[in-house]
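Presented below, as structure tokens, is a lone chain in the form predicted on its own.
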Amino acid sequence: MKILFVASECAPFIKTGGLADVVGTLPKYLAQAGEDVRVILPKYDVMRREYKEMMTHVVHFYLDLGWRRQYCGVEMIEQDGVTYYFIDNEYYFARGNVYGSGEFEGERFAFFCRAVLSVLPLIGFRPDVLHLNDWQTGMIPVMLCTQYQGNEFFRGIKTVYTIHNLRYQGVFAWPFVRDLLSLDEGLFTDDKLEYYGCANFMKAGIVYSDVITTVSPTYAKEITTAYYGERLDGLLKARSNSTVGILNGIDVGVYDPEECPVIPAHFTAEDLSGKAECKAALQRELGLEERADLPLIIMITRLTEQKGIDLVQRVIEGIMNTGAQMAVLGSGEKSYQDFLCWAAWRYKGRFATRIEHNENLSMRMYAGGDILLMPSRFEPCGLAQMIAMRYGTIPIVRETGGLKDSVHPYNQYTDEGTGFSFANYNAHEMLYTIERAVGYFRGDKEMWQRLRARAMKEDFSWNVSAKRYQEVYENVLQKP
């Protein structure tokens, strides 16, 4: 099969979150399985120079976008059996950041959607399946169905649309989007693109794609309810027969405690002595007391309302009263940053805050932590809990989305499970679960070692999920 992934980011070239990890890893597994897989994404000016220097020029041309006539270049890198294409336009993608805000964000990704379809005949690649990701690609199936079906080259191309996070939908004024993409006025109805008087890129992708996927089975069910559906639950319920939930995987070659190049010591499920060295080194790096007997709770997260920082804020005194240490790495909303900086001052030597995005430090935290806390309000999939388990760091999660699918709560009667969980979005329920985990850490070392070993042996590779995606592609190609 010929599959083209379309996304706004892709590791290792450009990354702000889990979307980049998925688009950077899944295609490699599919290529290893024999599929012809390619990826197309914007060429941002903030990409590292080494990647720009690896690119070769493929083609360039000009395309019409509403009232503008814009340059569109295509650069290419071949790596790990996958061909990567980069859409080059400095007006849209040389902005000093990956994402922005306001109406211009709609124009940037309207250009990207138009460019993706326009370049296909020029690069000599006709995909069987376009695998689209999140709102930034949502207008592609609309244009494919309404503007390109008269062209034999495009006829019969199928679309698979993955929702990574329903919260971010790409909502812009209809006249603006209509004029940019030359859309027919008849598309502005409540069963197509109209969304509370505006045009919605995410809704467009859901309505016009052949198959919808989400990044975990539980999230696929959750988004058909009012609480999680972000005002699209009715549409998603109507399309539920065409929706599949597939749990994301992680690149187990990158996240490997036996080989990881940025951690101070290596370890395995059978020999965890190196993890103790990693913890001591992390405590020194973060300015925490070097204490092996105190559990170190870590959070590696965006500091947004979604991630449950407000629950931590509500019961911070209770958390610290357990005797645990805590370290948080991330950036985001100023109110949460201020709270975490205050906590580092208030509990000096026991609480550490790093307001930054630091990939190497995050790896050292996964390796050196004892407990990962993820009390998310909602979590489509989440990768941190999988990475943490790979490094023997036990997750405490709220039972939502991919957290529920990937973390099996510990059962003291059967001695089964890989972590701890709580059901309701409630600060004191979270605190009780933290107290329970800390109690096991401090009071039953043998149980904790068994728990760690089980967590580390969980298979979160893409092997299983890649096969599920192959089945999705095969099924959609059989549809008329």
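All values derive from a computational prediction rather than experimental measurement. From 1 onward, residues are counted along the sequence shown.
Heads up, the form predicted in complex with a small molecule isn't pictured, but that's what we're talking about next.
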Inset, instruction - Decide yes or no: are 107, 169 and 205 jointly within 4.5 Å of the small molecule in the predicted bound form, with each residue judged by its heavy atoms? - result: no
Inset, instruction - May I ask you to state whether residue 356 is within 4.5 Å of the small molecule in the predicted bound form, using heavy atom distances? - result: yes
Inset, instruction - Report yes if any heavy atom of residue 307 sits within 4.5 Å of a heavy atom of the small molecule in the predicted bound form; otherwise report no. - result: yes
Legend entry - residue 301, heavy atom within 4.5 angstroms of the small molecule in the predicted bound form: yes
Inset, instruction - Spell out, yes or no, whether the shortest heavy atom distance between residue 362 and the small molecule in the predicted bound form is within 4.5 Å. - result: yes
Inset, instruction - Please pick, from 160, 144, 384, 371, the one residue with any non-hydrogen atom lying within 4.5 angstroms of the small molecule in the predicted bound form. - result: 384
Legend entry - Contacting member of 410, 195, 228, 255, with respect to the small molecule in the predicted bound form [4.5 Å, heavy atom]: 255
Legend entry - Interface stretch in the predicted bound form with the small molecule - options 182-190, 86-94, 327-335, 310-318, non-hydrogen atom within 4.5 Å: 327-335
